[in-house]
Every structure is written in C-alpha cells, then in structure tokens.
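First, one chain by itself: the form predicted on its own, in structure tokens.
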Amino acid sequence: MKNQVVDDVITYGARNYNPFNVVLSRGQGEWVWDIQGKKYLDMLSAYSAVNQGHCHPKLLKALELQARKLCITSRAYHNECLGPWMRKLATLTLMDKILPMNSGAEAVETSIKLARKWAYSRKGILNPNAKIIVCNNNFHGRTTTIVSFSSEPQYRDAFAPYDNGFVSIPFGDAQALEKAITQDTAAFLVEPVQGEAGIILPPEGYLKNVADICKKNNVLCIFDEIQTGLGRTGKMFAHEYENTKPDLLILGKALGGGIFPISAVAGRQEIMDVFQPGDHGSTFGGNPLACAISIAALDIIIEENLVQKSFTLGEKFREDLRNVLPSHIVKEVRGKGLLNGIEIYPEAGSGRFYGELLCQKGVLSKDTHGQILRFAPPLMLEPSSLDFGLSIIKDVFSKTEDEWKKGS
C-alpha cells in the first residue's frame, strides 16, 4: 500500500535508519496505533524511553502546566524547577550532585569530560595521557568521541580520525579490568547490561568486583544506566542487584518519561566539583519544561510501583518463553526485569524476519546484531497485555524462516 509519509521519508530523509513499514500515529499506555487504526503492543518503548507508558496523564498534565508558564531560560539564570528536580534525583540515586543534559550521548560525553578533568586536577595524571577503559561490544551513543571506542565496525569505520584515549577489554571479565589499569587510567565506563549488543548479562558479582577494583586503584567507576536505569531491569538501577554504587551514574531515556528529552550525570561531590563555570554547558540542559516533566516521570515510577512490576512481569516473560519456544530455533531467552532478548540460531532465520512477522501480527520489537530480538515494553504493562504479546511471540517462533516462507 502506497503511503505518502513513508514516501516523504524516503525522498527527503537521510538514510540513517531502516524502520519497519508501519507509520504510528498515537499511543496510550503500552499500546500504539498506526495511521490505518491498527493496534500494536509496544514491546520496544523507544529503547526504554517510555517506561511510564505512552501519554501518561500525569506527564501530560506536567507538560501542559509548565509549557503555559515557562519552557526555557538557559542556565544563565535559575529556574524554579531545576533545584527540586536535582534534589529528587540526587536523593533517588544516593549521589551528591547532578549535572543535567538532554540526550544520553551528551551525558556520556559529560562523564568523559568529568573523568578527564578529575584525572588531571585530582589524581595527578599528566595531561593529555588520561585513559578510560571501556568494554568490547559497548554502546554509549554515536558522537565522534563515543564511536572512537566502539567495537562495532559500522558505527566507527567511516568516521576516523579517532580519539585514542580509550582502552577496550572483554565485557564481564573483572580480571581483564585489573590487568588493563595503569598509572594513566582515569576511569572505567560500563553498561550493567549491554543492551544494543543483544541483552548481554555479565556474570553474577561482576559489577561489585569492578567497583571494588576501581576503588582500590583510584579509578573512577562509571555506570551507564541510560537504558537499564529507572526500573527497567527490575531494580531502580541495575547496579542495585549487587549492592554496589558507581562514582558516576549516567541516566537518560525514561528520565523524561518519553515526553521530553532530558539526561543527567549523577556523582560524588569530589568529582562533580572539578567543573567550574564555563567548563561545560548546554542551552537546553536543565530547562524548566524538561525538569517538570522529569519530576512527574520519577514520581510515576515510584508511586505506581513500576520497579516491582518490571521484576515480576520480567520473570513471567522469560519463564513462559523458555518453557515453550522451540529449541531448534531459539538459542536463548535472557534478560533482567523487562529488558529481554531472544537469540535465534542463524540457520533458523534472521532477527529482522521474525521482527517483521511480529509487527504484522501486532507486536513491536527490534532486532539487533542480526540474530537477537529485543523486548522492552513499558513498565506499566498490564498482565493481560503481556499474555497477548507472549501468545504472538510463541506463534511467530513456532516455525523457522524457511517454513514461514514456504507457507506464504
């Protein structure tokens, strides 16, 4: 069916995405509708940006009330929403200071700048020798600095020259971190669960081990919880599973409730205080509209018990599918909370193919790294909606790609 919206995107848009052939027009809770009125269960939530559900009334109310008052001032002045938001987020993260930005990648860049200045001004590393250790198969964003330490060829190969201030080690290997640390090591940056890589979980105890290693060696431990934070994995923050705490914590996505972009770096005062006025900034960072929406977004997660809901429904998701999905098609079902992946054997078909089938049958997901499908629905998901999603997933994975094509 010819669609003018899709035609316009193809004609006028840069080809940096390859979306499924569906045009969404509205959403409510865990459901979205396309322009023909077809209903879909959203099991991607804009890569975990919509933990609170689409168009939550409390978020819409916060948006409307603040938009009628004041939207942006820049940080040249104070605004009445910024302080309360910082206090709320500092209390929730158990951190001393908050630095607001807009996107997750901006917050990662901010943490890199903080780590480097801390290394030169506090640790005594000679400028410009500071190194930051990262993990293979990481995903922290797409800026030129960040793609410099990506191990995914498509993300980096055509975008040289690279920033050489990074050292990459295997994910989940605490001993590799200890071996990689030198006198010039400023920080270790890691995702508690690697999302873009295919919902890769580290061994139990890994986060605590790396935090302890960093502390022992006077190296900053930075957890990127842009995707895993704010209830997604069944804890408010994924690092809580191991009763540990980073020196810097990076947040984004659901921090704005899927309504407005806002991100943050939360950290210890000793680190955050290395920034002086003029060192770093953002025109929109900490704007009153974003802060008002974010306050409401955080309240929803707490008041509606979305963290526990994520944990409970995530357990059901994995248990149900592990018991029934055909073992010759599905290699593994894995995840934490409502951040889950299904890995498909290459001979059974591609993730893209199964994702398209799911979309046709009313469930939205997304493939990554060829053979893995990600499932990350809104945390306010109703159990009956999850049952619908599970039934569709079971149906789609009942046959291999070849079997589906033969029957079409």
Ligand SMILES: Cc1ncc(COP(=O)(O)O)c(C=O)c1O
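None of these values were measured; they are calculated from a predicted model. The first residue of the shown sequence is 1; numbering continues from there.
Keep in mind that the form predicted in complex with the ligand is missing from the display, and what follows is about it.
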For the chain shown here without its partner, which stretch in 90 to 98, 69 to 77, 318 to 326, 132 to 140 has non-hydrogen atoms within 4.5 angstroms of the ligand in the predicted complex?
132 to 140
Proximity to the ligand in the predicted complex, single hit among S111, Q227, S294, N287 (heavy atom within 4.5 Å):
Q227
So which of G231, P246, G104, G314 reaches within 4.5 angstroms of the ligand in the predicted complex, heavy atom to heavy atom?
G104
Counting only heavy atoms, which residues in 259 to 292 are within 4.5 Å of the ligand in the predicted complex?
none
